[in-house]
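Take a look at this single chain, the form predicted alone, given in C-alpha cells.
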Amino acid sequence: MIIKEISNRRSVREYKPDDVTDELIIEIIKAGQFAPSAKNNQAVEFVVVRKQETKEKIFEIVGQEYVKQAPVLIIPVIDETKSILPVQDLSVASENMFLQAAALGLGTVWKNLRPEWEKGVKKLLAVPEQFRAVNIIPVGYPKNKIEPHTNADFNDKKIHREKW
C-alpha cells in the first residue's frame, strides 16, 4: 500500500557516503517520468549529477551543505514550450520520485531553486534556455534513522466538509 511510502518519506539532509547505483536512480527517474502532466505533455527531463566537483559548484550557487554531501543530485527540468503548467508538472514528477526513493530505502529532500539560482545551475549544467527548473533532488542513504509519520501526526481538524 502506498501509504507506507508516504509515511516513510521524510526530508533527509544528511547522507551516508555510500554509492547509489544507476539502477536505483533509473527507478527513481521512471517514477518521475510516469507522473501525470498537463495535457499529457511528458515534457519533464532529468539531469543526474554525480561528480563531486559539479556538486561543489552547485553548492556555491545554492548554499546548502547536503547538496555537496548527497551521492547523487537529480534536477528535473521541463521544456516550457511544451508545458502549460511547468511548476505543477515538475512538482508532481518530483513527488513521485520522492516516494519511489523512499520505497527503495533512499532519502531525498526538496531543494528549491530561486530564480537567480536557477540561472546559475542551468548555465553550469548546460540546460537549454527553454527549460525550467524549480528544484534539486539530493538522493542518498540517510545518515540517521528516519522515523515515519504515525497516525498521531494526522490532524482531522484540517478537513472541511462541503464548506469551510
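Start at 1 with the first residue shown and count on from there. For clarity, every value in this text was computed on a predicted model and none was experimentally measured.
The same protein also exists as the form predicted in complex with a further copy of the same chain; that form is not shown, yet it is the one meant from here on.
Visitor: I'd like to check something about residue 95: if you look in the predicted bound form, is any of its heavy atoms closer than or equal to 4.5 Å to a heavy atom of a further copy of the same chain?
Guide: Looking in the predicted bound form, residue contacts with a further copy of the same chain include residue 95, since a heavy atom lies within 4.5 Å.
Visitor: May I ask you to check whether residue 50 falls inside a 4.5 Å heavy atom distance of a further copy of the same chain in the predicted bound form?
Guide: Flag for residue 50 set to yes.
Visitor: With a 4.5 Å heavy atom cut-off, would you call residue 69 a contact of a further copy of the same chain in the predicted bound form?
Guide: Residue 69: no, not in contact with a further copy of the same chain in the predicted bound form.
Visitor: Check whether residue 119 has any heavy atom within 4.5 Å of a heavy atom of a further copy of the same chain in the predicted bound form, and answer yes or no.
Guide: Although a further copy of the same chain is absent here, residue 119 would stay clear of it in the predicted bound form, with no heavy atoms inside 4.5 Å.
Visitor: For the heavy atom contacts within 4.5 Å of a further copy of the same chain in the predicted bound form, list the residues of 103 to 141 involved, in sequence order.
Guide: Result: 103, 110, 112, 124, 125, 126, 127, 128, 131.
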